[in-house]
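Consider the single chain below, provided in structure tokens and representing the form predicted alone.
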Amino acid sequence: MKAARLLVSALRDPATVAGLSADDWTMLLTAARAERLIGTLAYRLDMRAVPPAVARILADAREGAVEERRAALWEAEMARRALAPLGLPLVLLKGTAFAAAGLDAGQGRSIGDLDILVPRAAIDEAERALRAAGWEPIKEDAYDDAYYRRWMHELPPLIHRDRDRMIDVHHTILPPTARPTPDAAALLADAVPLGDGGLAMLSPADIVVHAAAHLFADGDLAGGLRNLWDIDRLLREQDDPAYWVTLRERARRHQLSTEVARAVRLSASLYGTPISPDWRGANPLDPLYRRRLLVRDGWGRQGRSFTRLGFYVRSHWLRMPPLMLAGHLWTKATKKG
């Protein structure tokens, strides 16, 4: 898809936007907005080198990203205050962690929900504390609520009644029914403090492992260009050759070696990420993943419906064994009926 390729090229090398036609700019901005990369694109491009109308759109996107970052960090602080009496380690995940740590991956990044990781043994206690502080459940359906609590790696989503902000409270990074079983205790034990305010983030290796798990072991790759961009930025932060050894060890420990290796290869392939030579190579399935990542067209729509259907089925297959999947889909279908 041309629009998706334009977006990847512009992020990888901003100089490629020189000479774009008006139609190309429309496709690029539409794809960036659909992939939730418009703020990131705004930070990557030199405003002086783009047409005035485009500059105004990108300036708005930068302002929006700044506001999202501010709101995300405030929400993290509110969660910290709510959970502080419990003495729990509060580990930030995804975009809020990138922003709080000042990582390149957080620059211009769209940040929606607040994602945190707490020990499984304390998750009920954490939920009570958050609900006492104003967060409320949004899953009104009893089956959905029970499904989350029994089979998912997180509580049913909670939303704050005053600020209208969502929080996802995780106890690990993949559903217990998934084939890989990440070592949640190791994730927490090796988390890195963010200053002395009581917040933390995953270790530099685990944060890439989590991003790879989220992209390749827990979904249908929708919005995958943004997730892969996170991985590109996170890897570029590391300049110690020993990091790559640690990354391999942590990927193996969390049973996610295949997913992490694929993330590294595709990041290098699409975004030109500099990687260690022993991580290079090819896999026969990589082109299929590239095809799925590049489905966005110039209208912001996802094309290649057959490819997307295949990855949608795959995402459910990864999450649970066949009999459980069949029972779950049957229950959802009959309830909807």
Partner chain sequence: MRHEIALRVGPVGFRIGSDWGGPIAAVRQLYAGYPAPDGGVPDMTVRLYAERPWRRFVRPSVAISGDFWLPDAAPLPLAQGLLAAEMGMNLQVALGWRRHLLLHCSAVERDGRVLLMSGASGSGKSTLATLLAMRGWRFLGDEFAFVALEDGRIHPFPRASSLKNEAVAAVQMAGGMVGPVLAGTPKGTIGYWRPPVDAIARMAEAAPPALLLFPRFGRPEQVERLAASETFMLLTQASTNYVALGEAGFAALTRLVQGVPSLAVDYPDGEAGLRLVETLWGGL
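All values derive from a computational prediction rather than experimental measurement. Positions refer to the first chain, counted from 1.
This next part talks about the form predicted together with the partner chain, which is not shown.
By the criterion of a heavy atom within 4.5 Å, R280 is excluded from the residues contacting the partner chain in the predicted complex.
At a distance threshold of 4.5 angstroms between non-hydrogen atoms, D60 is in contact with the partner chain in the predicted complex. Among residues of the shown chain, S276 is not one whose heavy atoms approach the partner chain to within 4.5 Å in the predicted complex. In the predicted complex, no heavy atom of D46 sits within 4.5 Å of the partner chain. Interface residue among G272, G310, G303, G298, judged by heavy atoms within 4.5 Å of the partner chain in the predicted complex: G298.
Interface residues of 25-57, taken as those with a heavy atom within 4.5 Å of the partner chain in the predicted complex (partner not displayed): W25, T26, L29, T30, R33, A53, V54, R56, I57, in sequence order.
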